[in-house]
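What follows is a single chain, given as structure tokens, in the form predicted alone.
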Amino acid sequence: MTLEKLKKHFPWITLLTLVVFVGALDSNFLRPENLLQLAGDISTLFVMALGITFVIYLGGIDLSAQSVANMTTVLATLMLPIFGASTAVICVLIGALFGFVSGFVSTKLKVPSFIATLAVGGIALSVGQFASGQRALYMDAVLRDQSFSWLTGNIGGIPREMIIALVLLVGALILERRTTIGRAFKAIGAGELAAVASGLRVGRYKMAAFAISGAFAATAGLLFAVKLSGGSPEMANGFLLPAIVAVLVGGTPLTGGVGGVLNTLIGALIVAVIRTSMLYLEIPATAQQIFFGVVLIAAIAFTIDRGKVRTVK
């Protein structure tokens, strides 16, 4: 088997190797309840990574997801007393709107996606700071339980946020593999110029991908707010880099066209096991971002399709 053919198997090989490594550090890690807790803890980050996957699948990048999630925690906390359970729908729509704006700026104004999403992320951050008065907000526990009981607790010992993440994964997988828009995403990621030549309305599909990413980021923010019973313009800080790492190490390169949401599931589990291993190795939290930065560089260098990149600027 050639290296090129072996490359697509690297994500699950990496995951298996890491599980064995951490299991060797502490045999309790391999207990079913601990593995279930691990999967539950990574659910919110995984939801954010799912949305980012669609943008990277097209060959773009979304740097606004963390800020949109932060803003959503604030807005959800403020809107809950007014709109009740409908707050969830409103927050997801707001996230989709911010994502759509990123896509519009990138496609219609020809601004590179990393600049467009960075700018829109800055706007989302400012909205969160203004709405919260730059302070932490707290939800009324009774009202939270009345409106969002379906987001909290366990079902058969399985955290509900994990079940929601799996439902979203199934939905994203159907969207990616069984719909016209999913096939269009793949075509654009594999070769945008060829997609344009074939008559695809590439701009519309790109805006749709960014809107989907924004909606998933807002969903992640809602999960944060309900789980922690409040909101803050900094609540999701530190999640953007691991989320992007999850997409890339899972096997969806920045050049797009291959990989997808199922790969992101493997990537998110890799991130979860890496985090756990750093706890066992007593690596301080401040150093974890450094590690993920190194992993991000390595993932990009290893997975990027150099046939699509003639020059690097």
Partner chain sequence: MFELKKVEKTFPNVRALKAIDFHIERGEIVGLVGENGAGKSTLMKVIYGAYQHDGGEVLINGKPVRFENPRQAMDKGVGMVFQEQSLIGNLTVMENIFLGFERQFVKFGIVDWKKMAAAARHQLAKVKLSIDPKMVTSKLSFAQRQLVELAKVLTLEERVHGDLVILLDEPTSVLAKEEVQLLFKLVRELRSRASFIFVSHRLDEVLELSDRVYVMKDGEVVDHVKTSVATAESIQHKMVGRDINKEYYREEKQLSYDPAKVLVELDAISLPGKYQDISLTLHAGEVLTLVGTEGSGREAIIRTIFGMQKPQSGSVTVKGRKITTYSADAAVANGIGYIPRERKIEGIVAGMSVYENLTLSQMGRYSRFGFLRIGDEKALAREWIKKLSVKASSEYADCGNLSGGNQQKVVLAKWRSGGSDIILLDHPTRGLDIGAKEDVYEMVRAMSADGVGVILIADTLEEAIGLSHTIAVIKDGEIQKRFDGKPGHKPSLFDLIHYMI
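Positions refer to the first chain, counted from 1. Please read these numbers as outputs of a predicted model, since none were measured by experiment.
Beyond what is shown, the protein has a form predicted together with the partner chain; the following relates to that form.
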Output flag, 180, 196 and 201 jointly within 4.5 Å of the partner chain in the predicted bound form, heavy atom basis: yes
Heavy atom contact within 4.5 Å of the partner chain in the predicted bound form, the stretch among 69-77, 84-92, 211-219, 188-196: 188-196
The single option of 151, 168, 184, 162 touching the partner chain in the predicted bound form, heavy atom within 4.5 Å: 184
Proximity to the partner chain in the predicted bound form, single hit among 97, 174, 143, 158 (heavy atom within 4.5 Å): 174
